[in-house]
Ligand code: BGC
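Only one chain comes next, encoded as structure tokens, the form predicted alone.
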Amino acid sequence: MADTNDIQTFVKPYLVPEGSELLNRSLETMAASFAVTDDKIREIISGMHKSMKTGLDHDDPDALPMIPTYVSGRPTGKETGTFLALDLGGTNLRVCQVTLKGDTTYSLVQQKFTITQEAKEVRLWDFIAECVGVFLEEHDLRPQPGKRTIPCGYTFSFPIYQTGIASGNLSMWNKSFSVPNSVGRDVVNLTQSAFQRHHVPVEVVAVLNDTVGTLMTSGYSHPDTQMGIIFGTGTNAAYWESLENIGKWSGPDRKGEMVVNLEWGAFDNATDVLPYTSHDNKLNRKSSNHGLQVFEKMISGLFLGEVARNAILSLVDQRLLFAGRSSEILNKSYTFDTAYMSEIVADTTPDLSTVKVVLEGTLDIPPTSLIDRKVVQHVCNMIGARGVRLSAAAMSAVLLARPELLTSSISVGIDGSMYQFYPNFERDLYAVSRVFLGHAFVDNNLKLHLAKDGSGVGAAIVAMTVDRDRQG
């Protein structure tokens, strides 16, 4: 087995014997810069634990946010009932009816409404109430006998400062929304008031983000779920933490557990421990949120292709690739999609014909040689491998933060395009985690599950746990 502490393990696979000495020297330097050795992962785990501990104790701009979510009831998979979920995104409002069947399975009925420009600028809350009213009418939904309202979970994908399970003040608008008299106010109150104006018999009992929803979706189907992760366009994680470890929690009860939202995309913004390269710095320097979400920019689907584009162009500029030529498309930022990386990495044809199609057909690069195509595949592999090793490091760090739970089986619910579609992502997560969590634990006790639709199903499941706990 390769020694994943030896830098040569990360360099040798990416050399091109038939290429020039100059090319191979550059590839060696590049591969070494993207390498994440086992010792480096141990350093990252240690750095993440320190940041988590600080963030749990108090709010610190240099530490992970570690946001208490007020979600404190684990699902068992045996609950039954019909619950609503609202999923407010940048483009659509989704209204979902989730029926929990009591046997760890559920069914979903949903409807999408395109958010109008008028709603984004003026009358969002009334627009939401009208859409929910239409959904209830079309699906003939009413409160249960003896109840006045239908409980609803609310996935709100704009920044809020959460003050309770069903309250959170809007920090700012983004995604081209600009509804007046909203910033600083409670988004649940604003929505609930609109429901009352429009006689919509729905009560928002929980507000959450999609990562918490992913954890809860997995938790209903797999009650031993300890963690929810998004490995997609962006990345984040949430996990169950013991309340006695959350120093900044000021609630009355310090017994039991609560879901904590790490916002781990912001880990190590100072790049003290992450293996940060000039290609990452170029992306970061040119991004609108320069110096923020540094970890996310190294592992998530929105950014991996851009890191690869920067690395490819650095070889072009040295006249070691494509004979020093590029194309108008490749010269523009964010044109080398991470989906192209997936196709390139998966190509096993002798002449790398898929790589040729992507480079020459899609990106309009002049005719390429087989050496060119091998180099591009190697660059994508270096960056993809770094991404999955960093992803496994973060997942392992969070699981190791609750060592008392590692004696029994643990499930992790994961959603997102990287996990679903990037070649061998799940296989490599398991492989890397074995080194840090132990072979026996990973092989016998750790189960990774696809947990789709946390923002819909997960929100309804949180509404269920709140409703259940209210009824004692």
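For every residue, the number given is its place in the sequence shown, counted from 1. Rigid core (definition): largest C-alpha set, two forms, superposition within 1.5 Å. The structure presented is a predicted model; accordingly, all values stated were derived computationally and were not measured.
Just so you know, the form predicted in complex with the named molecule exists too; it's not on screen, but the next bit is about it.
No clash is found between the named molecule, overlaid from its position in the predicted bound form, and the backbone or C-beta atoms here, as no atom lies within 2.4 Å; the site counts as open.
In terms of contact with the named molecule in the predicted bound form, the residue from 133, 251, 159, 247 that brings a heavy atom within 4.5 Å is 159.
Of the residues given (296, 306, 347, 268), 296 alone sits with a heavy atom within 4.5 Å of the named molecule in the predicted bound form. Put simply, residue 210 is close to the named molecule in the predicted bound form: some heavy atom of it is within 4.5 Å. At a distance threshold of 4.5 angstroms between non-hydrogen atoms, residue 230 is in contact with the named molecule in the predicted bound form. Interface residue remark: residue 174 is counted as part of the site for the named molecule in the predicted bound form, having a heavy atom within 4.5 Å. For residue 235, a non-hydrogen atom is located within 4.5 Å of the named molecule in the predicted bound form, even though that partner is not displayed. The stretch from 125 to 133, 210 to 218, 146 to 154, 360 to 368 that comes within 4.5 Å of the named molecule in the predicted bound form, counting heavy atoms only, is 210 to 218. Annotation for 253 to 276: the only interface residue with the named molecule in the predicted bound form is 263 [heavy atom within 4.5 Å].
Once both forms are overlaid on the rigid core, the distance between the two CA positions of residue 372 between this form and the one not shown is under 2 angstroms. For residue 258, the Cα coordinates differ by under 2 angstroms between this form and the one not shown after the core has been superposed. With the core held fixed, residue 157 shows a CA shift of 2 Å or greater between this form and the one not shown.
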